[in-house]
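Encoded as structure tokens, the following chain is the form predicted alone, with no partner shown.
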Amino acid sequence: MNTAAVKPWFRPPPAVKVQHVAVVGAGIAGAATAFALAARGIHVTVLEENQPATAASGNRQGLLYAKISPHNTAQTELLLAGYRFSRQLLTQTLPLEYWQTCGVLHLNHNERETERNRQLAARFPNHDLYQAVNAEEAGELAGIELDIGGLWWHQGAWIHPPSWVNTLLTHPNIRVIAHARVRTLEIKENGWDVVYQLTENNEACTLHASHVVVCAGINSNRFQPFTDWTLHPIRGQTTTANSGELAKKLRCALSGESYISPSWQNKVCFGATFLPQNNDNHLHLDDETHNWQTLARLHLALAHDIQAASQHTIRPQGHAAVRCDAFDHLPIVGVAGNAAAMRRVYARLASDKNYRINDDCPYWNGLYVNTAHGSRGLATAPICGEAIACAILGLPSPLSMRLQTALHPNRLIIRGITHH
């Protein structure tokens, strides 16, 4: 990063010698971060409160593609860069038994999406990632009749996220401690003490590390350095059902108001609900009903086919979890500033957000974050894990300077100061 061109709270601190890294959280963000470090010879311990990939990364089938804006936003840049990175990492790490390059059809399911897809196709008519298709072309790609067209992402894929997470965590330089509830992060003269409790026997333990990376999703602000961060919970529930004869003909994933994956092991996954400010991670029949209704709007014949094949199952079946989002819908990625000290150093910004201050930012040495990926974690978390590893090791970042500042954790603290 060209430090002369950025604000002081975005300038990186001096490097801290890497000895051992603790990663808190074993979803796709934690697993990808640990893997990126382990692949470079760093020993990593991952602490997970439950089992890996049981929260937001626990869906049976997730879709990997980039639902982007036709405008050159930071989110669009991140999604395109992350989509390509995740596709490459998938090819290198996960057996084809657990994912498939089936393609994703994002359908023109309402006027807004039709216009967005039209603008994307018009702006980049020969894009190597997607192309516009009409209803007839869409039906040929999908293997079932469709009455609307959309945007065809031919490299899009479905993934079994738990398999990807667990495969990444099998690297020999990674140790996973499951059922370990982290209680406190305590800074020491030569690193960090991560104090945790084994939930199976309530044993209290301490792990020492030179660096800590918090990848705990909506629980990331449970730890003392981040307790004044505002993170937004979003409840999501998917449904798993038996594949009917029509569903077995579906060759690609369909995305619109909801999504449905192709059949895998004689089952399909569809949904998902989107309930902001809801922390409930239990399965609910109301959400199951909602998923069936949105599937019917996406493709009525497909919904009837799957429902007939699943009429004898006990419902609801699927997965419910709480996703984590930030105020600007961008992930929180990078080295963490000391919020209390920053409020003192940059106090003048409270009365004038444009006041020029060049004082160095007070950071927590060796404390990093990779969280708030919302519902886009399969596309964004792996490249952000790579960015964290590069930042810790002093290597060039895979993210542009624009993205490094747009995702920086300190934006939350500065916004808190300027917005009181």
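No experiment lies behind these values; they were computed from the predicted model shown. A residue's number is simply how far along the shown sequence it sits, counting from 1.
Beyond the structure shown, there is the form predicted in complex with a small molecule, which is absent from this document and is the topic of what follows.
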Where, among 90 to 98, 346 to 354, 136 to 144, 236 to 244, do residues come within 4.5 Å of the small molecule in the predicted bound form by heavy atom distance?
-> 236 to 244
If you check in the predicted bound form, do G62, F223 and A379 all have a non-hydrogen atom within 4.5 Å of the small molecule?
-> yes
Is the gap between G385 and the small molecule in the predicted bound form 4.5 Å or less for some heavy atom pair?
-> no
Contact flag, N50 vs the small molecule in the predicted bound form, heavy atom cut 4.5 Å | yes
So, in the predicted bound form, is R323 in contact with the small molecule at a 4.5 angstroms heavy atom limit?
-> yes
So in the predicted bound form, does any heavy atom of V24 sit within 4.5 Å of the small molecule?
-> yes
Only hit among Y259, Y130, Y83, W192 for heavy atom within 4.5 Å of the small molecule in the predicted bound form is Y259
Which one, A180, A336, M342, C102, lies within 4.5 Å of the small molecule in the predicted bound form by heavy atoms?
-> A180
